[in-house]
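In structure tokens, one chain follows: the form predicted alone.
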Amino acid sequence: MLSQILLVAGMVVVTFLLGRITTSSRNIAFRRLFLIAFLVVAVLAILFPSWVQALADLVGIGRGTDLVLYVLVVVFVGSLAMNSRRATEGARRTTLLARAVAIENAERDFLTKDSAR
């Protein structure tokens, strides 16, 4: 039961954090720190698998490999959400750029035709 609460809370936190606008340097720094922490935990889990089993026992999961799988699912969903957010932001920026170029071209054409009269 404790493990289910922790995993659902992890999903909610990851979804909330990644659903926010990601262009600020604070969010970028947070993501980098999260990645570094994830790598450190992964290395520790590889070097000391008994720690993973002890943590799994602590949260009520039978095997340490199941705990690793559940955590990876949370990280994978977070990665999907982050990539989706980046794609949406990229599409929005491309749209704004295309509009600016179209307006500039229209103004240039209008001024060229107006000066030719």
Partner chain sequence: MRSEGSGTPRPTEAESPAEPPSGPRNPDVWVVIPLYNEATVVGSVIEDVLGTFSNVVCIDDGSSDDSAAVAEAAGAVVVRHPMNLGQGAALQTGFVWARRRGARYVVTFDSDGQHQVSDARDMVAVARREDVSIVFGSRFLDDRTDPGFLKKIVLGLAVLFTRWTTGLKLTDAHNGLRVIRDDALQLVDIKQDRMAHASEIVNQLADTKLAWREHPVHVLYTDYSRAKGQSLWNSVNILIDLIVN
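In this text the structure is predicted, and so the values were computed from the model without any measurement. Numbering follows the first chain given and starts at 1. Take the two forms, find the largest set of C-alpha atoms that superpose within 1.5 Å, and that set is the rigid core.
In what follows, reference is made to the form predicted together with the partner chain, a form of this protein that is not presented.
The three residues Arg92, Glu107 and Lys113 all sit with a heavy atom within 4.5 Å of the partner chain in the model of the complex. In the model of the complex, the partner chain sits within 4.5 Å of a heavy atom of Ile103.
In the model of the complex, the partner chain lies farther than 4.5 Å from every heavy atom of Val12.
When the partner chain is considered in the model of the complex, Thr88 lines it closely, a heavy atom lying within 4.5 Å. With the core superposed, Thr94 shows a C-alpha displacement below 2 Å between the shown form and the other one.
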